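Read the single chain below, which is given as structure tokens and is the form predicted alone.
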């Protein structure tokens, strides 16, 4: 996903008496209408707000933007009241604030809303520094409020399927993973805030958090072990000033591609032994290595993403940045083929090769196993990217609103998860900068 908001300056914020801590409360629990305020009226914000408004007993009450004209347009579309941003954050007519502004604004705007007793959904990342993200998590916890980043990937039905496949070990142990994001920059002019690290936090922080969170949903906490980045050749003129990275010659290079590898200390990719015992935990140099690559340099028509998980007996691939479909290529017995086909939505099985007799006995990673066939299994959600995007946006909001209505509701995504994604992103960014 590329940023959809227009170039927006970071506006200094002065604390005022209006932002003194409000009495802690849970916003209108039960079946009362939940009133949502939108801060930032870019294209994606309007898309998300439209999906929020479809949830039961949820209404978009007010909208705000630094551009009053943008706020008025969004207000007309959503039948909401336009307000100045700082007024909306503390409005007593709002129960939950959705913040869809450039990343550098997230911390101070979310803090203002939390101090006023409002629940918060904030576009990724939660904040551009780990310290700021941890501060928001602590403030939300003290006041009993929701404050999460809009990390939608783990709400995709395919994320659940992949997690079940990993846990089932039906393809054997997971050996390593790879995510390649060849993203479009056609809609990102040289003056867009995305290129300004002071506003965006850099590609790992602004964008990578989505995929750090998804892999954490599958494998648990990770640790960055290597990282680097590459720069786009210099551009001239106003773009250098806008990006905040002008060189002595008045020219600027911008970060356009980042790479990192993380280690996930899950049990080693070994199949369960014959006596049914579980595989041993990995030593510090074991576990699963997962490589992440994010580049913003493609025409829109060539925007593409692929997630690849390599197992002992095959591989699973997902396509699109919010995955819509995928395929499995692996060595399986007939029962396993049936189980996988039943787990995967819209599955189609193609047998590449059948094995008989001694051909069924195979070895890999110092282990013996049997397989009856080499198969390809294609699968799909049967929805296009925009439909899946709308689904996951709405599911995340519904999950958080359920927590607002019922403090006992167990969420799929929490404040701790939102902070963890920033922690990994910042660690990767710092290492990439240090090794440039």
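These numbers come from a predicted model, not from an experiment. Positions refer to the first chain, counted from 1.
Keep in mind that the form predicted in complex with a small molecule is missing from the display, and what follows is about it.
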Stretch from 343-351, 325-333, 159-167, 123-131 whose residues place a heavy atom within 4.5 Å of the small molecule in the model of the complex: 123-131
4.5 Å heavy atom contact with the small molecule in the model of the complex for all of 154, 259 and 296: no
Listed residue (55, 43, 386, 402) with a non-hydrogen atom within 4.5 angstroms of the small molecule in the model of the complex: 43
Residue (of 100, 88, 174, 96) lying close to the small molecule in the model of the complex, criterion heavy atoms within 4.5 Å: 100
Touches the small molecule in the model of the complex: residue 109 (any heavy atom, 4.5 Å): yes
Partner contact for residue 150 in the model of the complex: the small molecule, 4.5 angstroms, heavy atom: yes
Non-hydrogen atom contact residue 193 with the small molecule in the model of the complex at 4.5 angstroms: yes
Non-hydrogen atom contact residue 210 with the small molecule in the model of the complex at 4.5 angstroms: yes
